[in-house]
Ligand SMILES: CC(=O)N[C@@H]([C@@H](O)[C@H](O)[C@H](O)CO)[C@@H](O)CC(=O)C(=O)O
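This document starts with one chain, in the form predicted alone, laid out as structure tokens.
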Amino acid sequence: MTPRKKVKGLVAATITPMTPDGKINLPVIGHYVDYLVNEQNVKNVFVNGTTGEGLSLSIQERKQLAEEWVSQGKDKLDHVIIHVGALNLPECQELARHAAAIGAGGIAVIAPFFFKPTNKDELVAFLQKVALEAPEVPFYYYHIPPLTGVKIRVEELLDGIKAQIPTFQGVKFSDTDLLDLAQCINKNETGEFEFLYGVDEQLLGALAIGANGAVGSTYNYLGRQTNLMLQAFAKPDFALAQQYQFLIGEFLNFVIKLGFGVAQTKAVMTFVSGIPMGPPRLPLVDASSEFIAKAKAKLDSIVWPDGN
């Protein structure tokens, strides 16, 4: 596998823009890329994941989105990671082959969650079959037990993983179990694996434990502020880093109480960026006008430490 820069810092879990009639809106992806890079200072993306409604899209739609992100991100983005997970192995393999063919910088796979793996060996066997279809592409396991119900600890998964999946690069760790994450990082003595944290409101805690970076939906519209938190943490200026994390948490705590999911994320991204993200796909429904008004007022009321 060709040596490449490791993923560090923020990775935006991309939203899938849709037209009012529910079709994917490919023409806005170019503007989306420029917005992330120029306005949010985010140069890595995770495409077709949870925020991107990947499991609600057809295989053809997922391929079209992957192609557009790779094409529009050329020479602008550092890493385009494509989520290729699905409920069945053949679709995962097809998407993995496609991602490799278009030059994706990495692929990620969620655990299948209807018929679930019940132990490490079953999960690794599934992941291995997908990774083999893209033998030159860095491979990430997408760990999100709150949605999949697959609670196999990542610490356990890591034992011997490189021998079974030579392209294994790391984990998108979307769980609040910081003990599991800490044990993973403690085992990663050589630093060969990347641990990208996926619970935005707890990122500072994950950084303190040793996470390499983060994948999340808020980095679409709060990437600039979160990058300032990362800079403060690196100095180190922990008090300033805390200020940013607390304010990010204040906004998320507010909108979570209103009901916050993919549809609401699309609405927030639309009013912050000006790029129309459109409606979610059923069974999700549009954010209410009341939610939009309250979320916008709350975000506008926050005074960030840099004065903006």
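Just count from 1 along the sequence shown to find any residue number. Just so you know, these numbers come straight off a predicted model, no measurement behind them.
We do not show the form predicted together with the ligand, though everything after this point is about it.
At the 4.5 Å threshold, heavy atoms of residue 59 stay clear of the ligand in the model of the complex, well away from it. Heavy atoms of residue 217 reach within 4.5 Å of the ligand in the model of the complex, making it an interface residue. Among heavy atoms of residue 200, some come within 4.5 Å of the ligand in the model of the complex. The ligand in the model of the complex comes within 4.5 Å of no heavy atom belonging to residue 209.
Picking from 114-122, 168-176, 227-235, 131-139 the stretch near the ligand in the model of the complex, with a 4.5 Å limit on heavy atoms, gives 168-176. Taken together, the three residues 13, 50 and 252 all lie with some non-hydrogen atom within 4.5 angstroms of the ligand in the model of the complex. Proximity to the ligand in the model of the complex, defined as a heavy atom within 4.5 Å, singles out one entry of 144, 86, 185, 154, which is 144. Although the ligand is not shown here, in the model of the complex the stretch 257-278 places heavy atoms of just one residue, 260, within 4.5 Å of it.
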